[in-house]
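Single chain ahead, written as structure tokens, the form predicted alone.
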């Protein structure tokens, strides 16, 4: 093996209860290249293996399967001594997804010894079929360490697990101190014992609180160590405390501590684990036959997804129901739908905030930046927040009910024609919400080549941020044209996604037939708690962007629109820094007939969109001084063909810097990331010109 002077070696101790799938996962982590020896001085086998990942050499040591660290057996003593020796940079604790309440007890005991812990939930691929739903992020937040769902059989989550191990070893993730469980009425004894222990030499190399708890539980091995170091008085004092505890509570101390530990465990696991009745498998067989039908299955799946998105759009913006009502000769109903949409109410709220800021803040710089920059910029994005939440909600219902994997199964034959498997349905669906989790979800695809192709092509799928822009631009068109341009944008995006995937697949020297490895869980009624988990996890990324990136960008946009290159106040936006920079790129829009102010304003908005696509709206409203993107577009005098062309370009060009960063992170290749940018920009630019010419002819 390479020496540590050549590459960083990270030592990982793997620990878990019997039957949690430790051996299988250990073989996957080490590539089944395992060295077997014996632990020093005993006949218990010691398994070791190595794996290179992200430029590090990971050295895995498989500790014996144990239920705890009481050191009552030889296996427990070996495992505990290895962890206490400091030989491991990270301790990987395995938890069985099918029995989380029981198998997480070992994880708590490990965390009381060391903070450098990563928890892996094994068998996560079959948990859903058993009606078990686990909110891993919630457990991770409570314990302060990475919690990764994995499947050794299907090799799912392995990349994330390896990344988490490296992050904890190098201090980018995890706890800084061991876990301190509140033992409630036993705490006075723990604190007193900790004071005594902290004065001993043993506390110099082991956590004093952990020693105190273990001594109160009656740990013979630690008592012997203290005696050897001449701390007999500490042993006697703590032994006296044990007698007091037993006399007062009428229960052996080790049982009391174990009970408190389990109570703490349940306080963490209970809110994060939901079990549902999956029902009899036969109930879903008829539905399964329908989804597996070569014609009915894809049609049904497409109709379900289409119905979800049309429902969500209508609730949030009134679109496309308002257009359909108007075309049906019911303008009053169309207007009512628009006025009573969630987006309309939020827009009124943003306008009210702007008025309040203008009325309450003194005239000057602060009022200008708040009322003219921050509120309009962030507000233009938050107006579409209900859309994000509703999309996430309906997708969560499909996932929890067991329909999502059936949709994947039904669409697999179609997707396989472009070189991807049914596994791509989930990343594609996520990408409709946000490309970042969509690209990351491609990790679950078994084929490495398919993962790379998906990482490069999923950004073509219109995310919710681009949907915000598409709807805002489409709202500038009157009548049925607005509906048609939205539909066209999605059709073009999916055609481009399919076409580029097919080309990349055909260019591979050794093409692999796309395979679908999927277990169909029984259909069951969705759990409200699980749906909430999935909804919130999907929506919080958008909220974080709106609350941080968009906030800062709104200030930046306001500044470069309000000041000249000489840093003096601009008399109008056309004299600003933004105009000066955008005019350099404005000639690129000449092929679609844009010149002068409309050209630089549009170029400026598109440049800002490289950072975050939602900011395109804020850039348009701030640069034109109009309250909405629709009015901004109308004020620039853009024709229908130009609006259509810009909609296509916005849909296809690079979604945001966060997506590019994830592509690089997932592929670890600057070449692939740059190639993705070049392909997307080229396709978007050519498609924009073609769309302009087509709409001009029409």
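Residue numbers count along the first chain shown, from 1. Nothing here was measured: the structure is a model prediction, and the numbers come from that model.
Keep in mind that the form predicted in complex with a small molecule is not shown, yet the notes after this line are about it.
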property: Non-hydrogen atom within 4.5 angstroms of the small molecule in the model of the complex for each of 453, 663 and 665; result: no
property: Non-hydrogen atom contact residue 305 with the small molecule in the model of the complex at 4.5 angstroms; result: no
property: Non-hydrogen atom contact residue 126 with the small molecule in the model of the complex at 4.5 angstroms; result: yes
property: Proximity of residue 166 to the small molecule in the model of the complex, heavy atoms at 4.5 Å; result: no
property: 4.5 Å heavy atom contact, residue 676 and the small molecule in the model of the complex; result: no
property: Candidate from 501, 151, 109, 322 lying within 4.5 Å of the small molecule in the model of the complex - any heavy atom; result: 151
property: Candidate stretches 53 to 61, 655 to 663, 23 to 31, 642 to 650, one within 4.5 Å of the small molecule in the model of the complex by heavy atom; result: 23 to 31
